[in-house]
Structure formats: C-alpha cells, structure tokens
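Encoded as structure tokens, the following chain is the form predicted on its own, with no partner shown.
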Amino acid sequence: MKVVVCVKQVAQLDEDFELRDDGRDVDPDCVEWDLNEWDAFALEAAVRLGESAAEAEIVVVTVGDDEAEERLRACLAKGADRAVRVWDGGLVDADVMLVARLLAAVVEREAPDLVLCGVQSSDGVSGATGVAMAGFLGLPRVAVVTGIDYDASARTATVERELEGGLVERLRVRTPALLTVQTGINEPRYASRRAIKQAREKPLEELTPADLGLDAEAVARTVASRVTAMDHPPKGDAAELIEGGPDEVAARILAIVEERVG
C-alpha cells in the first residue's frame, strides 16, 4: 500500500511581533516554525498503517520554502519513507485553493491508496485544504476521522469519524480515498537520535509547479483569494473586576448591561 500524508509548516508567533513592510503578513523574523499539530496525528496514523501492512510506502508532501525542509526531515525521522516539497518564488502568498491544487497534483503523480491530511491547521484554521483536494482529485472524502482500519485485499477503509454531541459514525469507504484526521486518534511518536540521523539519507524531492504541469497561468487561475491587509485587533476598554456581595455584583452587572445595550 502507499499512503500520501500532506503536512504543513505552521507559524508560532512570539509574544511581540511585527508585520511585514507590505502589511500583508507577519514578519518571518518574529515567528518560530513547527509541524502542524493535526498533521502529526495524520503522519502517525499513516506510519501505523504501514507497519501493519506486508509492504508499504509512506510519502509526506508539503508546499513550502526552504524552512519547511526541516519539518519534512522530522517526518522522515518518524517513519515516512520519502518526502516531496513543492515551491517557487511565486508561491509566497499562495492561498488554500492553490496549495490544495499543488498537493493534488503531487497525489495524482503518486497514485496512492490513501491520502491523509490533518483536519485543519493551527494558523489558518480553515479546514479547507483536504476538502478542496478531494474535489480536485475526484476522491471520496471522510472528515474528522478518529479511527482507520485498511483492508488491502478489498481495497476499502473502515473509518470512524467524530460527529457533534459526542457521536461517532462508522463507515466503509472504497479506496483510493482522502481522510482528514482529528487529533487524539493516536499518540504521535518521538524520533530517536538514530532515526533523526537516518532521515538525512532518505530521499527528499523538490518540485516546482511547472514540474507538476502547472504553468503561471494555471497557478493564477487557481488562486481564489488574496490577503489585502493585516493588522493588530483594536484594543477595547480594560476589563472591570466587580467586587462586593451578590446584590452589589448583580446591580453592577445590570448597570453595565443598561449602559451597553440600553
């Protein structure tokens, strides 16, 4: 079996940060980078599926600049067999739809049995990448997956997915299919020092959109949105600590409501 895991490098903001000169993003000198939490669970799910199979290959894919290579190497150290990074200078402001299209192009080339993504990213929090990928690829999709059992002989996956109200839905999906994985599905492993060293020898392929058959015009057509400006949220009034007995507190709350609502 072959599993493609789509991962993302996410920004962890410092307490004090500055915006870029163009005002459209955070200054990269003010952030630290890490692997998206949801993607770590998706990777662990893929590695466990590979360990239970007679023969398997786990491929991690990302859209990101040179900084993202360190995150891919970390995925290789945790059990992935090889990695693919897609980038060129024109992707600096790539939106969700373009990232999904680029990832889908890699998936088309790899032709895996399963595609795993995190449910969402901790920075964008849109939850749209996996949905858009499934649309581009024409694959069946199951979201918020909390359990996966793959049957290679039947080419099906039996999955559990989280529903509102604490309900769990269990269903079987024909593969190839795309699953977006929820946190808590497993416990992601730590890489040993030996595995980290071995990861440096595993293949990491670097591609451009052109390598995937997407020219500048095709890339431009895929973009659905652009950030025009980013700013700090306006500061409101300071919080008020209400002290006193129950009657005094209730009276003050009533007064605040009347002041604000009328």
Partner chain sequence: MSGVLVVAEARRGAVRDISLELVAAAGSLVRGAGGPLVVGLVGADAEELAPRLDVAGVDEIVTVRSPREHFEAHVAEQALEALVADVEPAVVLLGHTIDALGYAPALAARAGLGFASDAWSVQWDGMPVVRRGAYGDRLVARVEFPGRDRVLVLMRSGAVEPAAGAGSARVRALDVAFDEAAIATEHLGYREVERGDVDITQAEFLLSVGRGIGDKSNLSQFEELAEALGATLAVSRPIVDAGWMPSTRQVGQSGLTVKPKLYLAFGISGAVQHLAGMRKAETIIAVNSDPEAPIFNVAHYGAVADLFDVAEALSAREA
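Note that this is a predicted model, so its numbers are computed, not measured. In this text, rigid core is short for the largest set of C-alphas that superpose within 1.5 Å between two forms. Positions refer to the first chain, counted from 1.
Absent from the display: the form predicted in complex with the partner chain. The rest refers to it.
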- prompt: Taking 4.5 angstroms as the cut-off for heavy atoms, does Q198 touch the partner chain in the predicted bound form?
  reply: no
- prompt: Is there a heavy atom of G165 lying 4.5 Å or less from a heavy atom of the partner chain in the predicted bound form?
  reply: yes
field: Exercise: A216 in contact with the partner chain in the predicted bound form, heavy atom 4.5 Å
entry: no
message: How about G79 - does it come within 4.5 Å of the partner chain in the predicted bound form, if we only consider non-hydrogen atoms?
response: no
Partner-proximal stretch of 179-187, 67-75, 80-88, 106-114 relative to the partner chain in the predicted bound form, 4.5 angstroms, heavy atom: 179-187
message: Suppose contact means any heavy atom within 4.5 Å; which members of 247-261 contact the partner chain in the predicted bound form?
response: D247, V249, A250, A251, R252, I253, L254, I256, V257, R260, V261
query: Quick one: once the rigid core is lined up, does A250 have its C-alpha move by 2 Å or more between the shown form and the other one?
result: yes
